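What follows is a single chain, given as structure tokens, in the form predicted alone.
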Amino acid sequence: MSQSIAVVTGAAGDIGAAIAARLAEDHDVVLLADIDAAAATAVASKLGAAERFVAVGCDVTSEASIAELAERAAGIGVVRTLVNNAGAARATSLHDTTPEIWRADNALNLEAPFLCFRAFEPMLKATKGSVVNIASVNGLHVFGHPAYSAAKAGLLHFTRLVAVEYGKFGIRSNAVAPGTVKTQAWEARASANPNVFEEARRWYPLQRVVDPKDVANSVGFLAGPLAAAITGVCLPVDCGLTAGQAELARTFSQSEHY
């Protein structure tokens, strides 16, 4: 019997590493794909045995590099879960967004998930597998980083496209939209403003920001049998950010209960 594989792109980061650890609970092997092969190797070694956590250097904006990743996976087993997690944001405002930044953010955050899906499509058909795209609340509302946000909005629609067209093969396609996640990527902002998380907390109904494990658990759910009838959805994992803001509700209602 072939080993079941979960592929996680951008796996060297905090969110990717947490997702890889979670998916190892119900997959034989997890492929940690990242453009920084050394960082992926370091994460894989921390997570567990080399035969279960396999680090692979991969540029997800390159068709050739993705083809090599798919070939590596085929040599191990069959892919049951694909998590398109790799992503990054550049310019914080539309004013500061150059055509180069716009194209680069779309290539990484939108085109790459498409390329990865097409590369693993045959194996996902064979396993009636699952695709989970890591989107963002930025794809739902305006929170800055416009090129990244537009790409994530496109990723949400791509999620539905796969769900509708490939459902007949048993493939499920869903997305997770995290809010602010406390990761190393925030270290620069935190060093510039040590109170950044405390300031952000007030906008979240749960009065906290997201932990990478929160994202990982939602991915595990959507990829697993408990979500067997769920496809084409976006699950916000945002501590209530997109539900509304208590401070605004307090202003409008003049009620002390918000």
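All figures in this text were calculated on a predicted structure; none of them were measured in a lab. The first residue of the sequence shown is number 1, and the count goes up from there.
Although it is not shown, the form predicted together with a small molecule is what the next lines describe.
Trainee: Heavy atoms within 4.5 Å of the small molecule in the model of the complex: which stretch in 93-101, 181-189, 118-126, 159-167 meets that?
Mentor: After filtering at 4.5 Å, what remains is 181-189.
Trainee: Can you work out which of Ala73, Leu82, Ala135, Leu110 has a heavy atom no more than 4.5 Å from the small molecule in the model of the complex?
Mentor: Answer to the contact question: Ala135.
Trainee: Using a 4.5 Å heavy atom cut-off, are Ile35, Ala86 and Lys152 all in contact with the small molecule in the model of the complex?
Mentor: Each of the three qualifies.
Trainee: With the partner left out here, check for me: in the model of the complex, does some heavy atom of Leu241 sit within 4.5 Å of the small molecule?
Mentor: Outside the cut-off, so no.
Trainee: Taking heavy atoms only, is Ala216 within 4.5 angstroms of the small molecule in the model of the complex?
Mentor: Ala216 lies outside the contact set for the small molecule.
Trainee: Do Thr61 and the small molecule share at least one heavy atom pair within 4.5 Å in the model of the complex?
Mentor: Yes, contact at 4.5 Å.
Trainee: Examine Leu23 and determine whether its closest non-hydrogen atom to the small molecule in the model of the complex is within 4.5 angstroms.
Mentor: No, no contact at 4.5 Å.
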